[in-house]
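Heads up, the chain below is alone and in the form predicted on its own; it's given as structure tokens.
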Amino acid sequence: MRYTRDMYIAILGRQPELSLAELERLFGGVDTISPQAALFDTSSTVDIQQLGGSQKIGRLIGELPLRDWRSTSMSLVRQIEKLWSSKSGKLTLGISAYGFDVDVRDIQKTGLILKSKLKSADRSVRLVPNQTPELSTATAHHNKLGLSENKIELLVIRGTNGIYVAESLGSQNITALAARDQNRPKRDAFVGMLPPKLALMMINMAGLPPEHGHNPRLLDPFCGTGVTLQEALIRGYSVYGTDLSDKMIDYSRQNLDWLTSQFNVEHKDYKLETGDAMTHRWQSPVDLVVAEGYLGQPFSAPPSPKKLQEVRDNCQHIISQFLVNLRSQIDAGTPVVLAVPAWRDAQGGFTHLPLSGSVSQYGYKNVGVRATNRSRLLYYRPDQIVARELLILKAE
């Protein structure tokens, strides 16, 4: 097994193209090694809790030639036994296999063999049981796998060109994400329920992360109940939210006050004010803009062509006027990540806003994402008619 210490593996989320876009915008070059995983390198600190689209992150420790699970298991046991010979104390071990046609009992057998080998070398091991070939993010996080030297999850990924082995650096804390969404004091289904995971992905897609001593100011001109502001504040940004509705500004303020009192938020700089995104004058500085724009009314079934045209025209007007207004107030090069509506029909096709394919007339250019061959980044669930199309822009 060949060891590589400066590369990382990401286990991708439900919509891998969004996960890939997030990783590329944060870390640069990303290589897709399987439908479930991507490889990247970075000198930055990698923290899974700062990512919205990846389920797990691991440090690559080796590569193996393409083989079945039996042969892979034999090599894995030999090499891991050597690698961990210097570890002391009791070990907690989990194994996740991705892309293998293998019975879960075979994964457990590998773990038991490794446990036996380590026990003979006076290493005590507790094996986390598998219900599926890969441990769920909830199981991995509950067992704190990857969060200390003696709590280890091996990620074994069968890729297109080889088998990759990584030691997990942690799993997405879905409990904390749910708590920030469901336990906040003010929610409003009528104005939309932006998932915190998606908000976090969009923030990272801007490609301007906080650094030591520098907390960029993020503007959300359609802040609603403040989901994007919450995730940005936790991430370390200063945040600035505006909304047409006084009620939404009040909701955002209550939610941000709750957030800073309930969670470990070191940077608590936030500003809120009422304002129409099509005409409002924002106070500088604005370092990046991340927002879910106006999505129009919700639908439980595909609307008639006439209704769709009406809603589409209304959304186009509001968002295009917002973009024109915003461009006059931000510097060239300012990143803008915007979720706009796209409507799915009964055949699975999408109707897009005209502006989503032509932003240059408003003073912006599209920022390309090399890691995915999808020309459009769409977030939606199977039962949804109104999808969110993510535009990654830069002011020209």
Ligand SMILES: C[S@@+](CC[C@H](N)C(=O)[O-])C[C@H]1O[C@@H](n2cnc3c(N)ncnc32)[C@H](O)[C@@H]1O
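So that there is no doubt, residue numbering starts at 1 and follows the sequence shown. Being a predicted model, the structure only gives us computed values, none of them experimental.
The discussion below concerns the form predicted together with this ligand, not included here.
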Completion exercise
Exactly one of Ser245, Gln254, Ser75, Ser124 comes within 4.5 Å of this ligand in the model of the complex through a heavy atom, and that residue is Ser245
Practice task
Heavy atom within 4.5 Å of this ligand in the model of the complex: which of Glu81, Asp250, Asp276, Asp313 fits that? Just give me the one.
Solution key: Asp276
Exercise for the section: Give a yes or no for Pro209: in the model of the complex, does one of its heavy atoms lie within 4.5 Å of a heavy atom belonging to this ligand? Expected result: no
Problem - Partner proximity in the model of the complex: Cys223 to this ligand, non-hydrogen atom cutoff 4.5 Å - result: yes
Problem - Contact of Leu200 with this ligand in the model of the complex (heavy atom, 4.5 Å) - result: no
Problem - Proximity of Ile157 to this ligand in the model of the complex, heavy atoms at 4.5 Å - result: no
Completion exercise
Of 225-233, 112-120, 82-90, 131-139, the segment with heavy atoms within 4.5 Å of this ligand in the model of the complex is residues 225-233
Practice task
Let me know which residues along 282-296 have a heavy atom within 4.5 Å of this ligand in the model of the complex, or say none if there are none.
Solution key: Glu292, Gly293, Tyr294, Leu295
